[in-house]
Each structure stands twice: as structure tokens, then as C-alpha cells.
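Just the one chain here, laid out as C-alpha cells, in the form predicted alone.
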């Protein structure tokens, strides 16, 4: 994808609030939020080699921080979106002393257990509305007619920023250290790569991306609850999107998110079939195109191959 084409696509997406109806804009915003979560998970798993089954905890953390802080303080919900990402990053930082003692599948399971513990804690705290959740009290201080467009622009900025950040990572010497750690952590450490610091950095950044995505997603719904915020499907969908699109690439999650939404909407009249179709496609991709749709595109159209 050339830079000019990327700019054209970004401009077209930025103009979506003026071109689409409410339903179309909501669907496009949801796809961008899913892309942002998938790219955040891709940073950790595809680039850092750390598989997580609990990233929905960071999605929920960002959403709950947005609702709770704007309820108690005269802070704009829009300002809280990046701050919600910072809060999710702090949660990740607090988890690292325990989780980073685990390796491979144990880290993945440990992250899922941590997410469940946070969910139980939030569900029992009256400060967060317990099991009932919280409405967006701050909606009384803003013009809610702009919420759909604002959520869309936030989602677009986050998704584009993550894609650009991953591209910059690939071009930098730091990216070489990240890839070396993913491919062989012991060998990388023997060459002087500070693997623990790198893992901690990408874990925190990945959590921040999910936290902002969670805040943006629930900003548009005006309500957050433990069932919706801590839904493990946030993580499952991100895994599907990355596996189908191509793990460890930039355009892979883009292709995966597009296919995910198209399948879900195309099979909306047949409940459950979209998940079955995604499962079948994921298995087929893993067997016949291990590098995902991105790798398949490189094989079919070699001239399109890029460092994305």
C-alpha cells in the first residue's frame, strides 16, 4: 500500500460522518475499534511473541475509567479517551511482576485469569456500579448529537496511529530487537538485547491501545456493564482477525477486520453461522496459508509485497 493510497483512504474514512447514515457510521466505527484492538494484540503476540487471552481486561479498564472519572470530576469524556489508555497501561504495569514470571501458554492463561479477577472485583465494587454498570453521567455536559461522529474520529485516529506506529517500529533498530526477542529470546538476551524491558514496553503499549479502544467503543453506547466490557469476545475476535489476516504484519489485521465484519453482517440473518464461518476460515488459513491473507496476497501478487 503506497503512502498516497493510505492518505486517500484515511481522508475518505474521515469524511464518513458526512456520507453515511447512523447505522453505517456505527458499523464503520465498530470495525475501526476492532482493528485497533487487533493491532494492539498483534503488537504483543505478532511482534513480541507473547500470547494473551485476557486483553479484554484492558478494554474494560479503559471503558470504566472513562465513565467513573467523568462522573466524579469535571473532565470531558473526549479528554478522558487518551487518559483511559494511560489507566489501562498502569494496570498492565501492575500485572507485569506476576505475569512475566510465566512463559508461553502459561502467560496466556495467566492473563486470562488476571482478566477474570479484575472482572469479579469490578462487578462487586459499588464505585463501578457493581453488576449493574454505569451510565455516562458526563453526557449531560456535552452535545450528544456529536457523539457518533466523535467516536468515529477517535476510532479512526487510534487505528491509524497504531498502524503507523507498527510501521515505524518495523523500520527502527528497536524493531530488530523486538523481532530478535520473538524469534529466540535466549539468543537475543545473549547478544545484549534487554528482553524483559522490551516485553514490558510492548505489553504496556498494547494495553494502552486496548484501553483507548474500550473507551471509544463505550463512549458511543453511553453505558458500560461488566458483562459487555469484560466480554472475552473482545480478545477472541482480535485473535481471529490477526490469525486470518496475518499475524505480525500491519495489513493482516486490516484485512482480517474487514473480513470479520463482512462475514458477521452477511450472515446476520443466520445466528451463530458467522462464528462457524470464521472458525472454518481460520482453520483453512492456518493449514493452507499460515501467514494469513496478507501472506496469501504476497504469493498471488508478488509486486504488492511490502514490509507491512
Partner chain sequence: MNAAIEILMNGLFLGGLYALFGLGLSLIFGVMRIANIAHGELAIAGALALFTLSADWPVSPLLLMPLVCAGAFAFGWLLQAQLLNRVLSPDPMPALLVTFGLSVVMQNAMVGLYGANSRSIDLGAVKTANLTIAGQTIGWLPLGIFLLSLALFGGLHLVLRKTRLGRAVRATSDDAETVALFAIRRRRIFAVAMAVSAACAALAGMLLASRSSITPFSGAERLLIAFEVIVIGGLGSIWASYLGGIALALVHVAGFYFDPASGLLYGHLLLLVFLLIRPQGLAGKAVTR
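Positions refer to the first chain, counted from 1. Treat the numbers as computed from the prediction; the structure is a model and nothing was measured.
Only in words, not in the display: the form predicted together with the partner chain, which the text now covers.
Review point. Quick one: of 117, 164, 73, 187, which gets a non-hydrogen atom within 4.5 angstroms of the partner chain in the model of the complex?
Key: Flagged contact: 117.
Exercise for review: Answer with one of 169, 180, 113, 90: the residue that has a non-hydrogen atom within 4.5 Å of the partner chain in the model of the complex.
Suggested key: Flagged contact: 113.
**Study point:** Stretch from 58-66, 31-39, 249-257, 277-285 whose residues place a heavy atom within 4.5 Å of the partner chain in the model of the complex
**Key:** Every other range fails; the passing one is 277-285.
**Study point:** Residue contact check: residue 100 to the partner chain in the model of the complex, 4.5 Å heavy atom
**Key:** Yes - in the model of the complex, heavy atoms of residue 100 and the partner chain come within 4.5 Å of each other.
Exercise for review: Considering only heavy atoms, tell me if residue 51 and the partner chain come within 4.5 Å of each other in the model of the complex.
Suggested key: Flag for residue 51 set to yes.
Practice item. Indicate whether the partner chain has at least one heavy atom within 4.5 Å of a heavy atom of residue 104 in the model of the complex. Key: Contact check for residue 104: yes, within 4.5 Å of the partner chain in the model of the complex.
Review point. Does at least one non-hydrogen atom of residue 266 fall within 4.5 angstroms of the partner chain in the model of the complex?
Key: Answer no; every heavy atom of residue 266 is more than 4.5 Å from the partner chain in the model of the complex.
Exercise for review: At a 4.5 angstroms cut-off on non-hydrogen atoms, which residues of 227-263 are near the partner chain in the model of the complex? List them in order.
Suggested key: Heavy-atom contacts within 4.5 Å come from 236, 239, 240, 243, 247.
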